[in-house]
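One chain is shown next in structure tokens, namely the form predicted alone.
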Amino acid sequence: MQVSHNYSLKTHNTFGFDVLAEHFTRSANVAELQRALAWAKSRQLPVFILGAGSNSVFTADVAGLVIQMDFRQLEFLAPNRTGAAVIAGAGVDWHWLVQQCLQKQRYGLENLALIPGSAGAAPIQNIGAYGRELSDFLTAVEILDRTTGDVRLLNHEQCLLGYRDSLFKSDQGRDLIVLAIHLNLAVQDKPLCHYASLAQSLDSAGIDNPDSQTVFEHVCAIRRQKLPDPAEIGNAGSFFKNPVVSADQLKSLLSNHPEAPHYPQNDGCHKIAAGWLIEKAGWKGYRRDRVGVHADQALVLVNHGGGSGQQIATLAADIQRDIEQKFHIALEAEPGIY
């Protein structure tokens, strides 16, 4: 086990914040992870589990031991009557996983192309885009329980997946470390492409019956058009969840803003476009010192270079407060703020 001290995390978070890990190591398998946890425990150090850093806002240096999950195994099982199982280690790059599945003729993940991050973070956030969510395909998550040291599988129901939510974001799941995810994908190439912007993109190209590869390419094109590349400007993608409001809240919003985009949910509530709220409130393109709101996408907060996590956290809180005052709707941040 190799431990680095006062290790820069600048290249390990997509905002590019130059913070230090007091101690840092990588774990590529369960044995290495257990050794790292034991090392920290023997020194009474807190542990921070890190994936690709695409969903983290570091407001200060990180005390204790940062363990980066480097589990890279990828296994394609033989198809059966219900589909084809895929097992991906927590450290597998998500977009690369989507590409590999398409190459192996395992279908369904193409709508989730270009989502930054690792496979291990996918169930924590229950990632979703263009009409799909991870919950559509997740069958189990292999975890290590820090309280007992046990390694076990949690089935789909036990993961408590919701809209950008899961067991792993709760107090009950905070000691569970994701080691691998188990997916069940289709072997029939029948992509889902009803989501408005995706359907419009395909229609504009004159494509009536796209295959999954074509859907993948269009999703990538749309995302590149809408969302800035973290390699060019620091960001964590969509910073706020689309809020879900009651029918009464929607009625109140539409009485003043009939143009507000909204989407009915199965439980009678309605999802509101957070980006529309932020843009309507005048934040789009706003800049404060070295951080700000992206000029082309109000849902994305950015580090223009040399900014800090504390500056982003303060800006996010100011936006939340303003949206609450103007629309009486609470915005919730997607990334973790540490």
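Because the structure is a prediction, the values reported are computed rather than measured. So that there is no doubt, residue numbering starts at 1 and follows the sequence shown.
The form predicted in complex with a small molecule is left out here; the points below concern that form.
Checklist entry - Picking from 88 to 96, 203 to 211, 220 to 228, 183 to 191, which part of the chain touches the small molecule in the predicted complex when contact means heavy atoms within 4.5 Å? => result Within 4.5 Å of the partner lies stretch 220 to 228.
Next on the checklist: Would all three of 195, 276 and 334 be in contact with the small molecule in the predicted complex, where contact means some heavy atom lies within 4.5 Å?
Outcome noted: Checked in the predicted complex: all three residues contact the small molecule.
Checklist entry - Between the options 299, 69, 291, 36, which residue brings a heavy atom to within 4.5 Å of the small molecule in the predicted complex? => result For this set of options, the contacting one is 299.
Item to check | Position in contact with the small molecule when the complex is considered in the predicted complex, options 164, 169, 146, 156, heavy atoms within 4.5 Å | outcome: Here the answer is residue option 164.
Item to check | Any non-hydrogen atom of residue 261 within 4.5 angstroms of the small molecule in the predicted complex | outcome: Residue 261: yes, in contact with the small molecule in the predicted complex.
Next on the checklist: Given that the small molecule is not shown alongside this chain, does residue 173 nevertheless sit within 4.5 Å of it in the predicted complex, heavy atom to heavy atom?
Outcome noted: No - in the predicted complex, heavy atoms of residue 173 and the small molecule never come within 4.5 Å of each other.
Next on the checklist: Whether residue 216 contacts the small molecule in the predicted complex should be assessed with a 4.5 Å heavy atom distance threshold; does it?
Outcome noted: Outside the cut-off, so no.
Next on the checklist: Within 4.5 Å, heavy atoms only: does residue 249 come near the small molecule in the predicted complex?
Outcome noted: Outside the cut-off, so no.
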